[in-house]
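Below sits a lone chain in structure tokens, taken as the form predicted on its own.
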Amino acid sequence: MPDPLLSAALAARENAFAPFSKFKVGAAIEDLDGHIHTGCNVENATYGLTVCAERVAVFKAISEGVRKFRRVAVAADTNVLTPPCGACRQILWEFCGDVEIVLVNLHGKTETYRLKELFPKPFDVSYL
């Protein structure tokens, strides 16, 4: 049986708005109650205003009142699996902590990490 989190990330990727880069990404985040919240990348002509799939998923969940998360999936059409960018790693750390990150491509290849492996020395409230 396929993992619903990975299926949700792959489905969210189809909604990506990426007319400039053509690089579609989907993300899905599972909260502690097992609900899945999705996001896709949304590009802007200035690129600087583009929002990544992971941040969309986190912000959607936060806007619905969710505060605790179990794991995140990131889906892209690449042979070498695509991890979250630096900005997304920071947001994921602040809102999810050392969450499980599952990377997946369109062929079903997966890799699983803890966020701390991808983001070994994050900046957080402890530095303020």
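Because the structure is predicted, anything quoted here is derived from the model rather than measured. Residue positions are given as counts along the sequence shown, with the first one as 1.
Keep in mind that the form predicted in complex with ligand THU is missing from the display, and what follows is about it.
Self-check item: Contact residue in the model of the complex, chosen from C85, L81, I62, I36 - any heavy atom within 4.5 Å of ligand THU
Solution: In short, C85.
Quiz item: Only one of 42 to 50, 63 to 71, 94 to 102, 28 to 36 gets a heavy atom within 4.5 Å of ligand THU in the model of the complex; which is it?
Solution: The contacting stretch here is 42 to 50.
Quiz item: Just to confirm, F23 within 4.5 Å of ligand THU in the model of the complex by heavy atoms?
Solution: Yes, F23 lies within 4.5 Å of ligand THU in the model of the complex.
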